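Here you get one chain, nothing else, as structure tokens; it is the form predicted alone.
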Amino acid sequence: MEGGVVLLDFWPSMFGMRVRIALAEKEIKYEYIEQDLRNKSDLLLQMNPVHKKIPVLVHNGKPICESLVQVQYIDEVWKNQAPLLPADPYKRATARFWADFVDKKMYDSGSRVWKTKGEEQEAAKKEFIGNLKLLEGELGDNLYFGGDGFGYVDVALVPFYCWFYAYEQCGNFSIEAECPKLIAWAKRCMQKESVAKSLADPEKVYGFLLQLKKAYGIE
């Protein structure tokens, strides 16, 4: 079953990191092919002709697109190793709800923190922290979002942790001061090898973000 697993990805992508974590949790060997998003490869365009985006998971020559779909696919195909989604239908639905919340809220509000200035940036920071506080409330006093075990929502959210430093530098604020339980959870996740080896270095991400700001003409 492990034959022919390929990941088309870009190193700072929090969406690609989700898939890397899931593959590491399942101990699946795969070929990693770094993509240049300014000059998209024929392989990427062939494997994801609809969105033309990374990450793309290719299994036995067949492409699976969209990171949360990929994580669910990995969990279903390699179901006997380190399950990510809970077995209970209600808990499963709840996990999917919060992963969808991360998808719809975190990237956009985080992007606005570094793309804007002044009052617009203050509003973006308020929204970003507000989203994190909702997630922190869902986490409660649990070790992980699924309870005692690392799971689907953790995989969906934890890649954003390596972007927090960049957001803080651009927005001049402290996420830990606002959401200490969430940062404690992220540090707990980082103790897992699957997470630690999949997430990019925060300072390297910040350097990449500075390049992006320059490219967008944001100073």
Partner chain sequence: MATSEVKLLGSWPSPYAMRPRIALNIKSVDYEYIDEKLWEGKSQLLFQSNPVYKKIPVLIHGHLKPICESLIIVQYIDEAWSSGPSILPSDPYERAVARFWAAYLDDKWFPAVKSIGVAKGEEEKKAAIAQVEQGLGLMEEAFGQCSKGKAFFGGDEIGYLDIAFGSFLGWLRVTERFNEMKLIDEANTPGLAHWADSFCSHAAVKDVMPDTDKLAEFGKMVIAKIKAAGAAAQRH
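The structure displayed is predicted, hence computed values, not measured ones. Positions refer to the first chain, counted from 1.
The form predicted in complex with the partner chain is left out here; the points below concern that form.
J.: With the cut-off set at 4.5 Å between non-hydrogen atoms, does Glu66 touch the partner chain in the predicted complex?
T.: Contact with the partner chain, yes.
J.: May I ask you to state whether Phe128 is within 4.5 Å of the partner chain in the predicted complex, using heavy atom distances?
T.: The answer is no: Phe128 has no heavy atom within 4.5 Å of the partner chain.
J.: With a cut-off of 4.5 Å between heavy atoms, is Asp100 one of the residues that contacts the partner chain in the predicted complex?
T.: Asp100 belongs to the contact set for the partner chain.
J.: Going by a heavy atom distance of 4.5 Å, is Ala123 a contact of the partner chain in the predicted complex?
T.: Flag for Ala123 set to no.
J.: Each of Ala177, Lys204 and Lys214 within 4.5 Å of the partner chain in the predicted complex, by any heavy atom, yes or no?
T.: No, none of the three is in contact.
J.: Among 48-56, 28-36, 179-187, 156-164, which stretch sits within 4.5 Å of the partner chain in the predicted complex, heavy atoms only?
T.: Contact criterion met by 48-56 only.
J.: May I ask you to list the residues of 88-122 that have any heavy atom within 4.5 angstroms of the partner chain in the predicted complex, in sequence order?
T.: Heavy-atom contacts to the partner chain in the predicted complex: Pro89, Tyr90, Arg92, Ala93, Arg96, Phe97, Trp98, Asp100, Phe101, Lys104, Lys105.
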